[in-house]
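To begin, one chain is listed below as C-alpha cells, in the form predicted on its own.
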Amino acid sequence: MRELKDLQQIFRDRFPDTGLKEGAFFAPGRVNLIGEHTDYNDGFVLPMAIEKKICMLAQLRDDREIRAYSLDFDKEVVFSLLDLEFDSENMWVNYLKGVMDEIQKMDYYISGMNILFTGDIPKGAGLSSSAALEVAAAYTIDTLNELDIKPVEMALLCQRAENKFVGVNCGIMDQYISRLGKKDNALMIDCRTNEYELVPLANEDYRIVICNSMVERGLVDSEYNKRREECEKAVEFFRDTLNHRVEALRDVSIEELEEKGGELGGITLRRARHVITENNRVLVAVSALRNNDLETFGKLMTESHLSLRGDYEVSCKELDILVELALKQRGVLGSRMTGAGFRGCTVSLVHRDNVSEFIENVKKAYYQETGIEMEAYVTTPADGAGEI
C-alpha cells in the first residue's frame, strides 16, 4: 500500500481543502484461527486482526454531501446523506452508505465529507475486506464528527449495515475483530452473548502464514444454507432427546453427542459432531494460548481442518492440498482451512526461521499439483481500527 504522504497528496489533488477537521484512519482485515461454522450455532470463534488493512483519509464538508473516491477502483461516487440509496453499479460504496445510514438511525448528526480510501486486503480471499471498510468508515465518521461511539456499539452498527443495507447476513465476528483487535492478541468471541476476551498470542518465535488458494467457487451460499438446515435438524433432535434446554448445538456436550448421537442420521450426525467438537477445540485452544502452549494450539488447528474436511465437508481439493503441503514443512505446528470453505485461504502456524522456506516450498508444490499460483501473507496479531 502507498505511503501516507502519497495518499495525502492524492487527496489534496482531488479535493479542495474545506478548512474543516480532517484525518487518516485504518481498520484491519482478519483471519479466523479456529472456530469455523460455530458462529451461527451460538458457539465460539477465535479470530485475530491481520496487518493488511483499509486506509481512509477524510475531511469534513460544510454541507451534507459525500464525495467518496476509491483509489483501488479509481472511481468517485457523489451522494447526499439525505438520500442514501443502494447503488447496484458501485457495490463498494454501499458499505459506506450502510454505515452512514445506521449512524443516522441512531440519531447522530453527521456532516458531509470528502473521502479517499485504499486497501491491501486481498479481495475474495475471506479476509474480511468488507468489514474492514465498514469499520474504517465508522471510525472515520465517529472521530471527525466527535460522536464518541463505543467500540462494541460501532462493531454492531457495522454488522447491521452489512445485514440491512448491503444485504449480506454476516455474523458479528468480522466487525468485532476489526474494531476490537489488539496487537499480540487473538479475540475469543461468544457468538451467543457477543461477549469477548483478548487471548495472548505474542510468541516471538512463530508467525501466522496465510496461504491464498486463489480459488473462487459459487458453492458457498447454497452449501452454507444447507449446513445451517442440517444443524437445525440436529438441534431439534437434541431438544427432544436431552433433559435440558437446547437452543443451539452449543448447548450439547461431547458426552451427550457420544451417548445420543448414534440415533441421528449419518450426515446430520457428522454436521453436529463438527460443531460440538469445534466449540470444544476453541475453548481448549484459548487455554493453550494462555499457557503459551503453541504445540497444543497447532494440533487443534489441524484437528479442526480434518473435522471441516470430513464431518462438515466444506473444504475443497485445493485447500486440502495446501494443508497437506503445510504439514510436511519444517517448523509447522498446525494448519487448517479458514473461512466458510470451498475457496479462500488456509492458516498455518510456522516458526519464524522457516517462514521463507515454507512459502517457497508450498508455493512450488501447490503450482505443480494444481497449476495455480498461490499467494502467501505473513502476519502477527495486529491492532484493531485506529488513527494513522
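Just count from 1 along the sequence shown to find any residue number. We call the rigid core the largest set of C-alpha positions that still match within 1.5 Å between the two forms. Only a predicted model underlies this, so the values are computations on that prediction, with no experimental measurement involved.
Below: the form predicted in complex with a small molecule, not depicted.
Peer 1: Out of 315-323, 30-38, 46-54, 65-73, where are the residues with a heavy atom within 4.5 Å of the small molecule in the model of the complex?
Peer 2: It is 30-38 that comes within 4.5 Å of the partner.
Peer 1: Of Ile254, Cys170, Met91, Leu198, which one comes within 4.5 Å of the small molecule in the model of the complex, counting heavy atoms only?
Peer 2: Contact with the small molecule in the model of the complex is made by Cys170 alone.
Peer 1: Of Leu60, Ala340, Ile359, Val332, which one comes within 4.5 Å of the small molecule in the model of the complex, counting heavy atoms only?
Peer 2: Looking at Leu60, Ala340, Ile359, Val332 one by one, just Ala340 meets the 4.5 Å heavy-atom criterion.
Peer 1: So, in the model of the complex, is Tyr224 in contact with the small molecule at a 4.5 angstroms heavy atom limit?
Peer 2: Yes, Tyr224 lies within 4.5 Å of the small molecule in the model of the complex.
Peer 1: Is Phe79 displaced by at least 2 Å at its C-alpha between this form and the one not shown when the rigid core is overlaid?
Peer 2: No, the C-alpha moves less than 2 Å.
Peer 1: Core superposed first: is there a CA shift of 2 Å or greater at Tyr312 between this form and the one not shown?
Peer 2: After core superposition, the displacement of the Tyr312 C-alpha between this form and the one not shown reaches the 2 Å mark, so yes.
Peer 1: Superposing on the rigid core, is the Cα displacement of Asn41 between this form and the one not shown 2 Å or more?
Peer 2: Passes the 2 Å threshold, so yes.
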